[in-house]
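Quick setup: one chain, the form predicted alone, written in structure tokens, and binding and motion questions come after.
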């Protein structure tokens, strides 16, 4: 094979980057035809999430919040770019070296794709097509384009790579008459690189279009929500204290927290969506979205909370949901006596284990299709998701749900359980200070202290606040329509004196339990402790 040693390292690195971009674009196009989840970059990212130890996931959520997935994808792409540049440099020595590394990278992508839940033989096509395209691009782009020239002029001439016509540019005086020299054809190289960029961009754009995002957005926008057969209780006039900076009673959809393992949000066409209920049932059930929308749908106001929410954290929100009762669906399927677990599966393969008795005890456990008066946002589970009051989301709130298997906790495990989290996750009674914000400087005088408290499916009976370790003071509670939502609270007559102050809060639920001061981390079943903020009055 012809040696490529004359190609400068920087040019070889650019060749590797463009070849990698071509491989990525072609694989994305093939995934758009086969299945969006078969995109190798996405599969590698998902595998990285699955293989990460729990402490690393907790750190990522604490550090990056809801941007953790964006950071991970950016990291994967950065690593791929660095590897692609290295492939180009290796290929400047011998193209076979670079192609061998490309084949290894393609193999990693193929393995990641084929080990995803529900993968089939056709899912191998994007990884194979992308690898082949990258190897072809690398071979064509790295092939040296040299122009042979004879001695033409005297000293002081610039090197042709930096300017001038490579056929007529002068050569250095050390060359003897009749000698020949070679210079890289910069124009030919740049033309090839631009061609590769065009191919990568065009295939990538086509792949995104074929992935169905536009059709799903249109289907969601055109969805007419039916009138609920059972409406939610009217929200009491005093449920929202309307204090600026205090979390509103209903969390707007755009502000509702999102914590899940999906690097790229599944876009599920409701015309193709089905829900399968099977396992330890007498009559397996399969529903289409049209079937679901024809069922009696009920409204319910429910606060959801993530188990990874630190004390005082943001991963909690309240919304009005519309959906079918899960208990009714399970009764139609005929749950067998021995079954104690719903193992629900998301479109992207994530699984969740929910206690059967909780779903069947009369609470508003829903297969939801709408949130705050509109079809579920894609980020929050469109076309359908689970909502179960009183349980942390990792054991109840499956988004993009496509399957519910009736089984037992001693036979099956959901996604988070083998990673050290509790199999069952009832929400712990908690409270949070929204005002004043931590670290703020306040003027002396009367100051508002306000926040929210929650104890889903038990209800909040009291909230107490203390300052600088002094006596506890009862806060005024806002109204709440049900025990399944949070409650706002306020103390509006604190006479703030100059100095540094620590404000603490605790809640008591309807069972008489007062949240503990003992601090515990989020793992394995939710954080505990009193939320405290420090402020300066000056």
Ligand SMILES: Nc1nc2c(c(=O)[nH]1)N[C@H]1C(S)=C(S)[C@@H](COP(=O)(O)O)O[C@H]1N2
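Residue numbers count along the first chain shown, from 1. Quick caveat: nothing in here was measured; it's all calculated off a predicted structure.
Not pictured, yet referred to below: the form predicted in complex with the named molecule.
305 is the sole member of 302, 365, 142, 305 with a non-hydrogen atom within 4.5 Å of the named molecule in the model of the complex. The contact residue chosen from 400, 421, 289, 250 relative to the named molecule in the model of the complex is 400, the criterion being a non-hydrogen atom within 4.5 angstroms. Shown alone here, residue 259 lies within 4.5 Å of the named molecule in the model of the complex, counting heavy atoms only. Within 4.5 Å of any heavy atom of the named molecule in the model of the complex lies no heavy atom of residue 98. By the criterion of a heavy atom within 4.5 Å, residue 457 is excluded from the residues contacting the named molecule in the model of the complex. Using a 4.5 angstroms threshold between heavy atoms, residue 267 stays clear of the named molecule in the model of the complex. The candidate spot formed by 350, 380 and 394 lies fully in contact with the named molecule in the model of the complex, as each residue has a heavy atom within 4.5 Å of it.
Heavy atoms within 4.5 Å of the named molecule in the model of the complex are found in one stretch of 109-117, 461-469, 386-394, 129-137, which is 386-394.
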